[in-house]
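The data below hold one chain only, encoded as structure tokens and taken in the form predicted on its own.
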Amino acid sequence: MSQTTAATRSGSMESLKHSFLMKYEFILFVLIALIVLFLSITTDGNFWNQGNLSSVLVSVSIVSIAAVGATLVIITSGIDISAGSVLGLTATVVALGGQHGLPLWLIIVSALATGCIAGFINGYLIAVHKVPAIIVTLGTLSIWRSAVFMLLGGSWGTDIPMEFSEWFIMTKLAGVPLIFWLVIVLVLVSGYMMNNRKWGRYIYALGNNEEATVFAGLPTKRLLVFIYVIAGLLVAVSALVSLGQSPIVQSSSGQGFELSVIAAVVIGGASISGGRGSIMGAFLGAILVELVRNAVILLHIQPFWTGVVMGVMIIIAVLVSLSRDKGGAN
């Protein structure tokens, strides 16, 4: 095969991947619109109640922030199931800081540093020591959850700075919580960086063929560690926003959060085998996940159906992804 033919085929494959994501994201957008229409009709307008709508948008924001980092991880064919425990640990650090009267800036720095350190540990073990991501993050999930329990001593943390609620929840722009507007900016900027900057293309290349990136002389290990640090940092930011929504920390805080995040990314079109995914898709996936959760509440359906529906959506999304990958390979 000539170099020209190979280059043409490579370019064609990238075009097909982009086209697939664009079509898939459009389908997600239509599905979200249909669910909103359904809830508008069946809930007697309760869906558009200011309190409910604000709660949904904040919940979408919390998941979306962490989903940006999780998208980078999954594009590299990795996984991070420790996000819920990192969120709980970060929230615990904030509660302890408030309990000991630390200044707000130090509490915030400590919280963000906690997320970065947790991400660095994951990334270092995965990139340098080649431990499978699922094993590393399963281990850190257990470690951080145990740390939360030990630090709280079985009690609740309630000394949460009121500024988190004031900044993220109570402050509104055009009737919409400020944090949602900030998340839109984050999604647009990070999406642009992934598609139009060199390091973004490196991340996609790493997910498509790690050996090729090594042979090409790219700083693969450093890039992978950096990605997990960013993922940990964004989970910490999600923790700060979640404390604005619910200013209480307990030993179970963050449990199940990783499922929402991974569901958002996978439902958003990211390939579990790596090499494909988009920030916008993860954002739409987060909206879909939270709309389903809100529908269960508004329609007075048994809560366990939330998990059932999310599980079904994840399986369908994975099947679609695998089918598309198989078709591309053929």
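Quick note: we count residues from 1 along the sequence shown, nothing fancier. In this text, all values refer to a predicted model and were calculated from it rather than measured experimentally.
FYI, the form predicted together with a further copy of the same chain isn't displayed, but the following is about it.
Peer 1: Honest question, do V131, M150 and I315 all end up within 4.5 Å of a further copy of the same chain in the predicted bound form by heavy atom distance?
Peer 2: Affirmative, all three are within 4.5 Å.
Peer 1: At 4.5 Å between heavy atoms, only one of the stretches 229 to 237, 174 to 182, 136 to 144, 103 to 111 reaches a further copy of the same chain in the predicted bound form; which one is it?
Peer 2: It is 136 to 144 that comes within 4.5 Å of the partner.
Peer 1: Which residue, V266, I279, A286, I65, is the contact with a further copy of the same chain in the predicted bound form, using a 4.5 Å heavy atom cutoff?
Peer 2: The residue in contact is V266.
Peer 1: Go through V93, V187, L224, L125 and name the one with a heavy atom inside 4.5 Å of a further copy of the same chain in the predicted bound form.
Peer 2: None of the other options qualify; the answer is L125.
Peer 1: Is there any non-hydrogen atom of I272 lying within 4.5 Å of a further copy of the same chain in the predicted bound form?
Peer 2: The answer is yes: I272 has a heavy atom within 4.5 Å of a further copy of the same chain.
Peer 1: Please run the contact check for W305 against a further copy of the same chain in the predicted bound form: heavy atoms, 4.5 angstroms, yes or no?
Peer 2: Yes, contact at 4.5 Å.
Peer 1: Do L28 and a further copy of the same chain share at least one heavy atom pair within 4.5 Å in the predicted bound form?
Peer 2: No - in the predicted bound form, heavy atoms of L28 and a further copy of the same chain never come within 4.5 Å of each other.
Peer 1: Taking a further copy of the same chain as it sits in the predicted bound form, is C116 near enough to touch it, meaning that at least one heavy atom pair lies within 4.5 angstroms?
Peer 2: C116 lies outside the contact set for a further copy of the same chain.
Peer 1: Output the sequence-ordered list of residues from 70 to 104 with at least one heavy atom within 4.5 Å of a further copy of the same chain in the predicted bound form.
Peer 2: Only a single residue, I79, comes within 4.5 Å of the partner.
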